[in-house]
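In the block that follows, a single chain appears as structure tokens, in the form predicted on its own.
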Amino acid sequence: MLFLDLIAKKRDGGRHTPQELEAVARAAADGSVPDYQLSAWLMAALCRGLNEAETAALTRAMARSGETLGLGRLGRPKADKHSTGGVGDGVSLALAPLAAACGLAVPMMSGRGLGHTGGTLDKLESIPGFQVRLGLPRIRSQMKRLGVCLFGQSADLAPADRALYALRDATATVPARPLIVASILSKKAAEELDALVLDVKVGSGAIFRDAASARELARALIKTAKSLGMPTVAVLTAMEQPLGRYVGNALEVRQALEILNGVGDAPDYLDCTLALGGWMLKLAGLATSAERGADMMRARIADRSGLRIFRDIVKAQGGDARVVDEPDRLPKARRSRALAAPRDGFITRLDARGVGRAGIFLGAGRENKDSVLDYGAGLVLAKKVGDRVRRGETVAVLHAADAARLEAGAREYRAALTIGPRAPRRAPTVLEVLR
């Protein structure tokens, strides 16, 4: 089979067989086909599309292109969650230990941030010494011992996805929905999960700004996941403003620690965490309903067992576990600046994408894949949408390495902020659940 024939077939609107899609995944994984031919096929797939059967076959082939996690029987069901990305979305940091404390095995494979959205791996690496690049033997050992591991995609797990994702990013083929579905689910299928919960963000800070597009992606993900035998629920959550009160890597670790300690003022972050965790427990058979699952999570916050497991994770993965009880040990930016409200009123808009861009200028996010992060940089959001403010009152505190970055971040933040005379209607965090 010539790869050139596969490119031509898709270019002309043909439908691939499972065997042909296995050839695509194999070529991506082993490098037997040059990048320019894989790129041509990706563009053809973007323009001509893949139907449901092709999407499922490609996902299955990509999952099988390397090793699987191979955890076997752990005595507890395996569950994970995936977020489509947002601003302030460090939920995985609190969710994974809480879910493990409730009896789930949680092999949480995560990624890095790019652009205005943050990445779980970057947040974890803000903890001094924390290792996210783990080999399969170490992941398996930690899963058997602790029931939870937070790690990045290794070269052995779904290697076809690693190759195709890099090419999609460089060839303007990222928006192709079937390729998004295959990328997300191939990694989860390689984990051999018993349950998967998808956090599909909706709003200015999300990949999809409107609910209709997010809903289409969620339904496509659910259909493909079910065809792979992986029970899945999609939770649509709001991303018009940042989630929680902190934006930045070490700052979002602090946010997770506050949640695990049962303190802080981030009801939207807590609502999102409990909704996702509740569905993980329900799908895995450990709770009779998502609401009951959320209650179980609340109990693990109250008795601090989630916090204890987070400490165990940090210690097991080489991090300084003292940060769990002493968050001031986390990295700090050299400079900070408080921003004041210019007038009396209510916060009526705090554009998530704009705040995410402010984080990039401050040094907390990547302008490109080679950007060096300042782990202590970011924003503390003293006021959010619906909060009353007085002229001169602090609305946010910015953290960065120098005055120039602070000024650039302040400019972006101000553009994202609107203060009006009337309180807006408070929107729910959880918008919809699709099964």
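We call the rigid core the largest set of C-alpha positions that still match within 1.5 Å between the two forms. It should be emphasised that the depicted structure is a prediction, and the values quoted were computed from it without experimental measurement. All residue numbers refer to positions in the sequence shown, first residue = 1.
If you look for the form predicted together with uracil (URA), you will not find it shown, but the lines that follow are about it.
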| query | finding |
| --- | --- |
| In the predicted bound form, the residue from 305, 227, 183, 131 that sits within 4.5 Å of uracil (URA) by heavy atoms | 183 |
| Listed residue that, although uracil (URA) is not shown, lies within 4.5 Å of it in the predicted bound form (heavy atoms), from 120, 84, 126, 255 | 84 |
| Segment that reaches uracil (URA) in the predicted bound form - one of 348-356, 76-84, 326-334, 89-97, heavy atoms within 4.5 Å | 76-84 |
| Site test, 165, 168 and 187 vs uracil (URA) in the predicted bound form, non-hydrogen atom cutoff 4.5 Å | yes |
| Contact of residue 316 with uracil (URA) in the predicted bound form (heavy atom, 4.5 Å) | no |
| Uracil (URA) contact at residue 220 in the predicted bound form, heavy atom, 4.5 Å | no |
| Exercise: residue 211 in contact with uracil (URA) in the predicted bound form, heavy atom 4.5 Å | no |
| Partner contact for residue 71 in the predicted bound form: uracil (URA), 4.5 angstroms, heavy atom | no |
| Residues within 4.5 Å of uracil (URA) in the predicted bound form, restricted to 206-236 and counted by heavy atom | 207 |
| Yes/no, residue 155 Cα shift of 2 Å or more between the shown form and the other one with rigid core fixed | no |
| Per-residue C-alpha change between the shown form and the other one, residue 69, threshold 2 Å, rigid core fit | no |
| Rigid core superposed: residue 406 CA moves 2 Å or more between the shown form and the other one | no |
